[in-house]
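First, one chain by itself in structure tokens, the form predicted alone.
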């Protein structure tokens, strides 16, 4: 049985590796920078504005048609998996009906998970490592 921290780390590593794979396939270099920024900015936004508003911000980015696959939209989908919404349920709407204790619990849960995303994004999507990897292929 895994601890919640292990589960969060496993999920974050899986998601960040998906981003790394997209970058290595040459699809979107800008995605790397934006995703790292999104992972670094998320905890600050949660502490500054609260989880509900932060999720609303990222959901707004995710719902914009022209930016449907941008870093904020992808990170929104990733962090929503942490909240484990029921099938078809919007996590942002889920938070509207919870008690203060549950809201605080979800906020702590997201902040703890975001730490893993931030760590893996910083280590795996680092500029130098990607550049070295490409140079090594040549």
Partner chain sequence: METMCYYIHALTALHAGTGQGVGVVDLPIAREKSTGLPIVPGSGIKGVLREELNPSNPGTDDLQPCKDEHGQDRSAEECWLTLFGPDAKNVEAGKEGSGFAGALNIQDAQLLCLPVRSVYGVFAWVTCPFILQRYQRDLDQVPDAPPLPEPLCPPDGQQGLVTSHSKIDEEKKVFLEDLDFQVTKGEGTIDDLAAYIAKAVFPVDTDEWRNTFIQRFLIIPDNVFSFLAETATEVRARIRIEPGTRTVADGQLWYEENLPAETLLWGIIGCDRSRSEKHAGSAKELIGHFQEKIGTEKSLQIGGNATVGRGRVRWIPGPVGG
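The model shown is predicted, which means the values in this text are computed figures rather than measured ones. Positions refer to the first chain, counted from 1.
If you look for the form predicted in complex with its partner chain, you will not find it shown, but the lines that follow are about it.
Shown alone here, residue 107 lies within 4.5 Å of its partner chain in the model of the complex, counting heavy atoms only.
Not displayed here, its partner chain is approached by residue 103 to within 4.5 Å at the level of heavy atoms in the model of the complex. Using a 4.5 angstroms limit between non-hydrogen atoms, residue 96 is distant from its partner chain in the model of the complex. Contact annotation: residue 22 falls outside 4.5 Å of its partner chain in the model of the complex, judged by heavy atom distances. Residues 14, 73 and 77 are none of them found to lie within 4.5 Å of its partner chain in the model of the complex, as judged by heavy atom distances. Interface residues of 28-46, taken as those with a heavy atom within 4.5 Å of its partner chain in the model of the complex (partner not displayed): 40, 43, 44, in sequence order.
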